[in-house]
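Taking the form predicted on its own, here's one chain by itself in structure tokens.
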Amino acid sequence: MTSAIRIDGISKMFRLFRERPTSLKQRVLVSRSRSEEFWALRDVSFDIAEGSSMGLIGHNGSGKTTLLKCIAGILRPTAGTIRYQGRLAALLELGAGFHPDLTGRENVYLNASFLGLSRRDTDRIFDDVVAFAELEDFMDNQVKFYSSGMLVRLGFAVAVHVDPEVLLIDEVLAVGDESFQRRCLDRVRRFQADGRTIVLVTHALDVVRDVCDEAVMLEHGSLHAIGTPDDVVRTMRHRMLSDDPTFVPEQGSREVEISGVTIESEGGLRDTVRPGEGLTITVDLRADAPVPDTGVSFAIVSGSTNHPVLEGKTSELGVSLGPVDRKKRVRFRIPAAPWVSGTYFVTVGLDSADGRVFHVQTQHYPLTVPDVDHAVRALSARPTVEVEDL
């Protein structure tokens, strides 16, 4: 597959000065030895396939925006190379490329020229840009009087109308209102259908899972994970939870172990449930030698609050598995419930009657509920359990 962007060994170093010179003499005399090197990126390498959508995620300060600026050519890497094909448009910092003392109209022409358009080309797209940004009454006002939302709308409108082959988008979309964000995502999906390449930096992990084909997680300037959005988002959540010293993503003696988990709605959707639907969580377990008194449990945790909204355990639901020898399957059938939109994560665990932990996978399996307008709350549905020897 052809690479639209090839990132090869990118490192970026900044100098941090602990003392600020107050005169020209001090500036001349202050030694560079008093500065410290700060590596925002260290030896980052990966390819972005032509026509794909890549999400860049990570903690604040992980190097996401620095990498995006290097791709856009705003920053020059200290080491490494970046190659890309086609016209590239970047929507980075709020108001980047806009001059505060120029009007919205003048800034459209200025910004479009930065992106390689002639004045004639800009004349052709100008009305579409204004209509998309919904700023018809403000185009002859100086942009220094624009709100943050107006700046984002105008910047995004220009970026998507210059017909780019590669579109770089930073977190600034979070500034727009819900209606504008929806229109932006609609435009992004249209770009995807046209085979354009998109690189998206965001803290909205749901958006990465919903929009992107691949994801990259940066940690302290280094590449920490790359793969499918589900896998990388799971890694990111585990990394966030790992700030809690008691968190271990997977643990246990493995006398009995989880061999597979399937989450399916009554409508047949994998890893997705709609409000008013039932849900089945199927847990396959295996043991090399007979193990008595095994309990199976699950917890569904809200991705936005990190609080459990529904839990179940075989022993508390009046079900005994009996000895586990070789393989068993346990199904938790959750009746129709008023699910709330968002992303959830499912923890599955196996333990003994006396409290020994056999195997626990913490928040290992994602579950999505499509958009509905409700607040997150605990569910009161009571699961039923089925046990099957395999």
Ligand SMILES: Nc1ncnc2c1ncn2[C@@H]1O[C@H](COP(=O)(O)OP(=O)(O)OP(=O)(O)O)[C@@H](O)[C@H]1O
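Residues carry their position along the shown sequence, with the first being 1. A quick note: this is a predicted structure, and the numbers were derived from the prediction, not measured.
There is another form of the same protein, the form predicted in complex with the ligand; it is not shown, and what comes next is about it.
- Shown here without its partner, the chain carries 14, 61 and 66, all of which come within 4.5 Å of the ligand in the model of the complex through at least one heavy atom.
- Although the partner is absent here, residue 54 sits far enough away that none of its heavy atoms falls within 4.5 Å of the ligand in the model of the complex.
- Proximity of residue 70 to the ligand in the model of the complex: non-hydrogen atoms within 4.5 Å are absent; the residue sits far from the partner.
- Using a 4.5 Å cutoff between non-hydrogen atoms, residue 105 does not count as a contact of the ligand in the model of the complex.
- Although the partner is absent from this view, residue 183 stays clear of the ligand in the model of the complex, with no non-hydrogen atom inside 4.5 angstroms.
- Of the residues given (324, 40, 44, 346), 40 alone sits with a heavy atom within 4.5 Å of the ligand in the model of the complex.
- For the options 224, 99, 203, 239, the one in contact with the ligand in the model of the complex, meaning a heavy atom within 4.5 Å, is 203.
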